[in-house]
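Before any questions on how it binds or moves, here is one chain, the form predicted alone, in structure tokens.
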Amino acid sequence: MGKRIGASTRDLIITNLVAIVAGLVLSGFLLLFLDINPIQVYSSAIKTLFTDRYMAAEVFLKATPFIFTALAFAFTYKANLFNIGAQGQFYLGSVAAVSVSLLLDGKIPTAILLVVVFAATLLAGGLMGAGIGFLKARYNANEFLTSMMSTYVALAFMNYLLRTVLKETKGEYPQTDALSEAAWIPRIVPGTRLHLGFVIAVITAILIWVFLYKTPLGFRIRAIGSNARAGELAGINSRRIFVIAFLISGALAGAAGFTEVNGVQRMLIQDFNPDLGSAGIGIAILANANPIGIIFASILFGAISVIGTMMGRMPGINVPPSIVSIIQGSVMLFVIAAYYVRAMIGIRRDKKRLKREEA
């Protein structure tokens, strides 16, 4: 068993490294078509990343919401469920964050305000996730489709509020009023935008790992994910697990709204961060749905995002702004392919092992 675990870990590391390199190489070839030297822009961006404190801090800032949305997908995945609606849960968390912040701003101390806002985002995202879990448990609805379609409902709801009750005082743009400094998440590195939300995200990932692997309820979630029928025969209520898994998953995605609204945007604007949910799925796959691995995979995607942004701002080099999406998309494409390759390698390894045992 130890050798098999070691082989699986080796497969995970090698295939993911190859996927990341392949994604960067593919993006580099696309830059060549634009008469841009990819080696020059890559090396310059990476050098800046390691020598500029502000840009280095941006990596962890970008990683913060990635951690939450990746955890959201990974948590339901452990129960053999698929939460494709983290984007919508993030939007509802954002609505809750800005609404409660504007309502209580200046009325209670900052520390208490931030705790209340954070709890509100967990509740908003969690209730939406629980609804998806209920549909799965009660009607056996396909959670892939219901969670995906719920994103459009959440987006429409958010945009409606931004054009009505949450619209700025002047009434000119579909956005809210700016939050006062009392509702901002404190920064942890002076001279940068990096805030306490990153620490909260890392602690959350660690707590999720402890919950999944060290608690009875976490064991039940993983047992249903491994074999729902066997789990039910052992007395585990799978329907209850479906609701709980989506409740926690939705709360995690909603928490990303807190870090983005109160830590970065400091207001809510229409259609912001539209790719956060899909990026979380790729990061969760890259980390093999391991909560601790998600921390490092999110930092990697944060670095890719910052590198792409820096490349687009290099003087004298006309790198298109879409390069960030191209790099992230290329890496995610190969990461998903790597997941399939690992599965095929594992099946072949098991077949060879069975043949040796039969011989």
Partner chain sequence: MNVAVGILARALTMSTPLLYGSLSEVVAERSGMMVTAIEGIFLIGAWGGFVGTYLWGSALYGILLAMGLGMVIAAIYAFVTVTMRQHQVVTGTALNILVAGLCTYFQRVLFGIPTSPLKIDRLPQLPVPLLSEIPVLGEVFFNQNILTYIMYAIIPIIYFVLYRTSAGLAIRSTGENPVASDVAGINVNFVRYATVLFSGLMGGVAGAFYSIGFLGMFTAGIIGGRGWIAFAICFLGNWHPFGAVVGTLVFGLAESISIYMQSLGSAGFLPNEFFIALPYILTIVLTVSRRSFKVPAKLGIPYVKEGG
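Residue numbers count along the first chain shown, from 1. It should be emphasised that the depicted structure is a prediction, and the values quoted were computed from it without experimental measurement. Under this definition, the rigid core comprises the largest set of C-alpha atoms superposing within 1.5 Å between the forms.
There is another form of this protein, the form predicted in complex with the partner chain, and it is not shown here; the text below is about that form.
Residue contact check for Y77: one or more of its heavy atoms lie within 4.5 Å of the partner chain in the predicted bound form. Proximity of T51 to the partner chain in the predicted bound form: non-hydrogen atoms within 4.5 Å are absent; the residue sits far from the partner.
At the 4.5 Å threshold, heavy atoms of A156 reach the partner chain in the predicted bound form. Heavy atoms of R163 reach within 4.5 Å of the partner chain in the predicted bound form, making it an interface residue. Annotated contact segment (heavy atom within 4.5 Å of the partner chain in the predicted bound form): 321-329, selected among 39-47, 302-310, 321-329, 52-60. For the options A182, A178, A228, M149, the residue carrying a heavy atom within 4.5 angstroms of the partner chain in the predicted bound form is M149. Between the options F219, F272, W209, F144, the residue in contact with the partner chain in the predicted bound form by a heavy atom within 4.5 angstroms is F144. No residue in the set A96, V100 and Y213 has a non-hydrogen atom no more than 4.5 Å from the partner chain in the predicted bound form.
In the predicted bound form, S278, A279, I281, I285 are the residues of 270-287 with at least one heavy atom within 4.5 Å of the partner chain, listed from first to last. In a rigid-core overlay of the protein, L333 has its C-alpha displaced by at least 2 Å between the shown form and the other one.
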